[in-house]
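Here you get one chain, nothing else, as structure tokens; it is the form predicted on its own.
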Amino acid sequence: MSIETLKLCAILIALAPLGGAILVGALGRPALRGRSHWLSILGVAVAFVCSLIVFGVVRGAHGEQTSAMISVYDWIASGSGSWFKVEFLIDPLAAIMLVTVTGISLLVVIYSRDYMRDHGEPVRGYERFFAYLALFVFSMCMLVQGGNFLLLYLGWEAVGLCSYLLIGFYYQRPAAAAAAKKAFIVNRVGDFGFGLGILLIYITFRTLDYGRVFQMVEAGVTASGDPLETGRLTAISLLLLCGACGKSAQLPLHVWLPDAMEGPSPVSALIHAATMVTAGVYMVARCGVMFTGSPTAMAVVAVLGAVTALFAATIAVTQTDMKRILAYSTISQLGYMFLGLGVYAAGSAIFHLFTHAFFKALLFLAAGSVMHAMGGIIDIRRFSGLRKILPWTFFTFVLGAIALAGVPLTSGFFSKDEIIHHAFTHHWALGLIGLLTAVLTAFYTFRMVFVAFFGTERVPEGVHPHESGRWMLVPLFLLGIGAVFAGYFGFPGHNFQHFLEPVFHDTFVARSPVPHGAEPAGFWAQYGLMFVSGALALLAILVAYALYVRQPWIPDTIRSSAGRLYTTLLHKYYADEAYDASVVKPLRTGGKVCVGLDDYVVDGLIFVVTAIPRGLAYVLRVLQQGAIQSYAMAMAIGFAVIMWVVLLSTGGCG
């Protein structure tokens, strides 16, 4: 591997988007005049090209060392040498993540040029928006290629900050401001555990460097040479998992992600497809040495992922806001990824992360195109028959939908099927949940397609729909190609997993309770589940077609007869209401009590304590009349009295 090439590219991957963000923020509207998108596009494009070079160098390593730690500079030095370095870890996992992050982000930034314009003129905050986008990409790239836990944490928190700024971009809207605060606060809950996990890592191993920490974990020792207890390793893993639950919106910290739809659609695509929500999956995969060393932690990851996947899929079935349907779909698909990690199929989890980035970015951007045409309306109950009004948007939306639904021979089919297969080999219940979630995914995805794009042409009153321009359509078509064909990187021969094998071989593969390659042999044993899952996905699509196109009266009948069950799903299992009653209101009440104590008890005590000096001041201030002659005479008398006392004490008057 060419270390110098990797070092240059790694630095440019970080600095190019950061430079774009700084220039856009510094120059602003007076200098750029609506052209700020070019600086952000250029910065992200440079990062993408460098990511491709890094990927090519790592892939071309063949039998050589496939990972490299690149030291940039010493950040914090101690008397005995460098205590903390800014260093980048480049390996197959980082290479895949960098290409995914920068590639999807580049298409999103290009798409945003037309989306963020109103009748040909930039909207208010146009420069601010593109500065935030570039800063978001920089933060995610630092998180991915950071070579130690401190850099990971810095990138982790920077991603959270950027999400807050972008979700609340329309800060004049109360809903957007509330959604931004909700995302920030909920993530602080998970990040508190994440920070404690990193602190426990330092206490245990006396370093935050990936290589040294992972070596000691593999050796089963602490920094002092004592045996590493399984309980401590479990505690570290579960604390790190708290942060992953917050960033990747897993139960019970999932509630921020649907509300994040208040941000612009490109922000939704960026957060849901390639940046923030994938951070938790990446972190667990990167720390595989720790997680696989604790069977308890792995069981928690698997169960958490399976339950979250099914939980979110059932909610998506009843939602009517197109972007919220996709948001709950993202939560569900992230659950799949955690399920894959928990059943020791980390390669399959990252493969699904890779394919999911294409079709979920496509769906969110296509939903943004619909929203753009419908005058900001995204409720699928308020329009229909859009396939003739928006033909190109419809075509690309269907490409994303078939991939998300897992239609055979699309990218989502290959990656999702691998996770379900590994889940069944691990435990039948996990596999069954994964299969049921796949059926629900196909149903709610095409429910959305059939309601919005089929039927009679109907648009909201006063809306004059029109197809999007080239700046929006070209990224949609490129993402559509990826949504259909990205899955072939893992088929045949499992090339994708083979590329990642150096990262996961000694952890997820070697420590799996089901030995690698021990699956039942034979055509049906290997591919039977693939046929079953594909057939079930197609069946679910046919059911959605029958219910929402052929017999649209049936869903109304089901809703009225389901009663409480439908209401529960429509209100998202009342999760927000439960948090409001158990957390928000008690904290607000406690805050009011604290304010009352401060106003009346603390301030009252201070008033009492200061009453005496204030009283004396009130009495003595009558002596202050403002007459200079009186002050001079008082000073003279005082001086005379002092002199008389001094002379008496020294006997000077005798």
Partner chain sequence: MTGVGEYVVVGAILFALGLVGFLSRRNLIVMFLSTELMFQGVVVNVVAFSRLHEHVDGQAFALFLLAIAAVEAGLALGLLVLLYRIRGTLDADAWSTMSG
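Positions refer to the first chain, counted from 1. Bear in mind the structure is a predicted one, so any value in this text is a computation, not a measurement. Heads up, when I say rigid core I mean the largest set of C-alphas that superpose within 1.5 Å between the two forms.
The discussion below concerns the form predicted in complex with its partner chain, not included here.
- Heavy atoms of Lys592 never reach within 4.5 Å of its partner chain in the predicted complex, leaving it off the interface.
- Interface residue remark: Met633 is counted as part of the site for its partner chain in the predicted complex, having a heavy atom within 4.5 Å.
- At a distance threshold of 4.5 angstroms between non-hydrogen atoms, Gly626 is in contact with its partner chain in the predicted complex.
- Core-superposed comparison between this form and the one not shown: the Cα of Ala634 travels 2 Å or more.
- After superposition on the rigid core, the Cα of Ile11 moves by less than 2 Å between this form and the one not shown.
- Relative to the superposed core, Ala617 undergoes a Cα shift of 2 Å or more between this form and the one not shown.
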